[in-house]
Structures are given as structure tokens and as C-alpha cells.
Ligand SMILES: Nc1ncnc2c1ncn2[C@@H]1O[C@H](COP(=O)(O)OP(=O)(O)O)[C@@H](O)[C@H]1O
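Given next, in C-alpha cells, is a single chain: the form predicted alone.
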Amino acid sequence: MSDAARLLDRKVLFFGGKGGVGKTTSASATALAASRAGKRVLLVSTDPAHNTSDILGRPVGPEIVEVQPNLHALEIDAAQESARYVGEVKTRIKALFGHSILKEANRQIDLAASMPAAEEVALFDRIGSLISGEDQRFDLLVFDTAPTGHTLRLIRMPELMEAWIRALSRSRRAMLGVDQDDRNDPIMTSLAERLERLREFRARLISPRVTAFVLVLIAERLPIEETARALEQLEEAGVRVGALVVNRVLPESSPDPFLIARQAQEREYLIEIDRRFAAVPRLRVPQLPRDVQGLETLDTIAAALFRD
């Protein structure tokens, strides 16, 4: 089995990398190839600058839509998810607290919702729900993520939120006192359930049988260095990198002096990529003569990725 085909044995694939290197193209082509192979696939864009609709050549939005048989797509709107998440939290708070403190609790929630990280937390919660199997229709989830830094923060979110929930649990336990049974306290029960969901999500995220991260780059200096940093940080987080996609490789033969010079520099970078990232499977995709748009051109990219 080829390195590319092994990717399709996973349940979850994340595509990441520097902005502008072709993450959406690579993720969409992989999702299309998997659907052609008979898998039921959901392609999910978490990038605020959604390009999925443009690449697929048909509208995609915050609700799951069918692109073709076996292939569905979704563009997660972080602001909308944040509003939904806050509404759910307020509903749970209303069930836990009496009317006397509900107004203040809602005020604190609205204040927290205005913080810069609120949308990231809501986005993470939506991703976690998808990965945990909230929709049983799909065999494979393919995530087209935001540029590397944003994605790495989401990957680290389970660890950060677990620490936060543990701190809240300690505070609540101290408030209850030694004579109170934690199991009878609805807040402690809610925190325990949330902690268990985080553990399940992290277990699926770091399982090499379930999840793989695919880094996309082009043969240029800045993408190579960003890929090296991302590899190191993902390994530190315990996340498996399943492959590198080296995108937009120039054709070998051309009489044009400019292209000859570019090809010479590109060959040096391709050699460096093979040397520095020898431990990771590497897939090359050629530069196409036209923009990638629609399923027909995506099939061309898919054929390059999954040659076997």
C-alpha cells in the first residue's frame, strides 16, 4: 500500500501549513479521492477565509451540504459557533443556578464571550463534536485548517481546557466542603462530563490509527522552515504527521531561461526537503497550467497524490 493510500485508512485527517501553499486544494482533492474510493467523506473548512466553495465550484456554508455521492462539505463559521456555544452554556447555567445569581452569571458569560479566544474555544468544541462521531454518516473527516499557528493552538486546546476544568473542579470542591458528595452536585457532574469528553477527544487526536496530520508546503525557503517548526511542535503535542504534500512542483522541461533558473533553485529545495523530512512520507503535486477549480481539476490533483 502506498503512503498516500495509508492516509485514507484514518478516520480523521487535518491539512495544515503556511497560508497560500495549497491546503484547501490538497484537502479537497484527498476528500474527493476518498469518496471516489467508496468512503463516505465530510470535508470541513475551519479557515476563517473559506475557499472551499471556490475550489469545489459550488456553494458551501455553515450547514452540511452534499457535493456528490459520498462527499459532503461544511464551512464552520467561528462567530456563529461562538454564539451557539454561548447559548448552550447559558442554558446549562440556567438549569444549575437559581434566579438570584442567573443575571450575574449571564453577564460573566457575555464578558467571557467577548474575549479573543472565545471563537477558538467554540470552534474547538464543534471540531470535537464532529471527531467524537456526532454524525454517523461519515467514514472519514478531512479538515482544511487555518494557517499553522492557529491550527497548533486548536491542537493544544484539549490540554489547556483540561487544566482549566481541573482548576474549576478544585475550586468547586473547596466551596462544597468535605462533607458534600461530589456526585450529587450538578456542577461537579457537568465538569466531570466535560473532562471525560476532552480526554476522549485527545485520545482520538493522538491515535495514529485514527488521526493523521498532513502538512502542505511548496519548495521555497519560508514554507520549508515553517514546516520544520510545525513538525517539531506537533510531535511535542503527541500528534502524528502522516505525510507532507510538496505542492506546485514545476515541470522538468522548458526552454525559458526564467523557468530554467526557477527549476534549478527548486531542485535544491526539493533535495533539502527530502533530506530534512526523510522520516515523513512525501507526496509531490505538479504545478498545473490553470487554477484549480471544480471537481475535474481536483481529480487531476487527486491522481497526482494517489498515483497507486
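Because the structure is predicted, anything quoted here is derived from the model rather than measured. When you see a residue number, it is the position in the sequence shown, counting from 1.
The following text describes the form predicted in complex with the ligand, which does not appear among the structures shown.
- The ligand is not drawn, but in the model of the complex it has no heavy atom within 4.5 Å of Thr46.
- The closest heavy atom approach of Val292 to the ligand in the model of the complex falls within 4.5 Å.
- Mapping the unseen interface onto this chain, Ala31 falls outside it, with no heavy atom inside 4.5 Å of the ligand in the model of the complex.
- Contact annotation for Val285: at least one heavy atom lies within 4.5 Å of the ligand in the model of the complex.
- From the list 252-260, 47-55, 66-74, 236-244, the contact stretch for the ligand in the model of the complex under a 4.5 Å heavy atom rule is 47-55.
- With respect to the ligand in the model of the complex, the three residues Lys23, Arg248 and Ile301 uniformly fall within 4.5 angstroms at the level of their nearest heavy atom.
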